[in-house]
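Here you get one chain, nothing else, as structure tokens; it is the form predicted on its own.
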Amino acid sequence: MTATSANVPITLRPGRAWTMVERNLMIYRHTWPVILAEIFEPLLYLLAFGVGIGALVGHVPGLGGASVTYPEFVAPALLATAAMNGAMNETTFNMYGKLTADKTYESILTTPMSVRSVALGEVCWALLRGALVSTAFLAVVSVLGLVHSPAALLIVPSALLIGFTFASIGLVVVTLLRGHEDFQLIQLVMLPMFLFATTFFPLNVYPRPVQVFVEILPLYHSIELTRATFLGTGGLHLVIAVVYLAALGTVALAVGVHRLERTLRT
């Protein structure tokens, strides 16, 4: 039975969302090398910038005034970026294909699945994918000797939160895309955010107006969260980042579910 978006209450109850996750798990049994590629990308950045340039840079300010080696500074930022990219790729590139070329959701909605369950299932799958990539990256940097505390395991729930936030943002974005050419606009936002959100440089190297802009970016708070967890500094940085990402992700998810409802029901 078809319902218009105006008649459908927007709630975030999971419903049959796990069915969507299970469906994606079955698909990825045959395309798992794609996830391996997402693990290797941050590793290449770590080797090129963290280890290569790190030998020239030496130590940089971490959080709370502590000084850390450059690889220890870059590694948690790359981990946050990996969680972000994994989640965003799933709810933008992959979901767009299912929405347009494959018509996957039209078929799924002929079953008892609701649009809300589809949306929540895709977000759950995206954050699981981001967490998987981040966990694998954490294991590798541990072998490289960059992890010094068992508290670094808290990076896994941190990656889940980051994945949730960016998967929800991606859910909004995919409902706004007009065609494949709009993916260039996504890159136009993602690339500068990756470069400037303290991934490779401390915040204090920028002029104050640029610092204010950087502090608004969700990737900046994602990096603050993983860096605070990775370095075991905790404190105010961690609290602000958790509240910011949870609030942004929840609002984006509510908006994304509503917009996907309109997209699929009209």
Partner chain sequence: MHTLARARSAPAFRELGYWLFRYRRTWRGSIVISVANPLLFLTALGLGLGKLVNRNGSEYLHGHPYVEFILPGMLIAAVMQTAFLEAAGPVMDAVRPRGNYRAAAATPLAPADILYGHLMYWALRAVQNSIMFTGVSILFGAVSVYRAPLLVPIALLVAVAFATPAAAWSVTVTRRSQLNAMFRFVVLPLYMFSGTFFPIEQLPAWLRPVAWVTPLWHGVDLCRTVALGTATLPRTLIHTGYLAAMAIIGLLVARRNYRRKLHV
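Every value quoted in this text rests on a predicted model; they were computed, and no experiment measured them. Positions refer to the first chain, counted from 1.
The form predicted in complex with the partner chain is left out here; the points below concern that form.
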Problem - Exercise: Gly232 in contact with the partner chain in the predicted bound form, heavy atom 4.5 Å - result: no
Handout entry: is_contact(Phe40, the partner chain) in the predicted bound form, heavy atom dist at most 4.5 Å
Key = yes
Problem - Partner contact for Ala139 in the predicted bound form: the partner chain, 4.5 angstroms, heavy atom - result: no
Practice task
Examine Tyr220 and determine whether its closest non-hydrogen atom to the partner chain in the predicted bound form is within 4.5 angstroms.
Solution key: no
Completion exercise
Students should find that, of Pro112, Pro192, Gly145, Gly179, the residue having a non-hydrogen atom no more than 4.5 angstroms from the partner chain in the predicted bound form is Pro192
Exercise for the section: Would you point out which of 51 to 59, 208 to 216, 221 to 229, 235 to 243 contains residues with a non-hydrogen atom within 4.5 Å of the partner chain in the predicted bound form? Expected result: 51 to 59
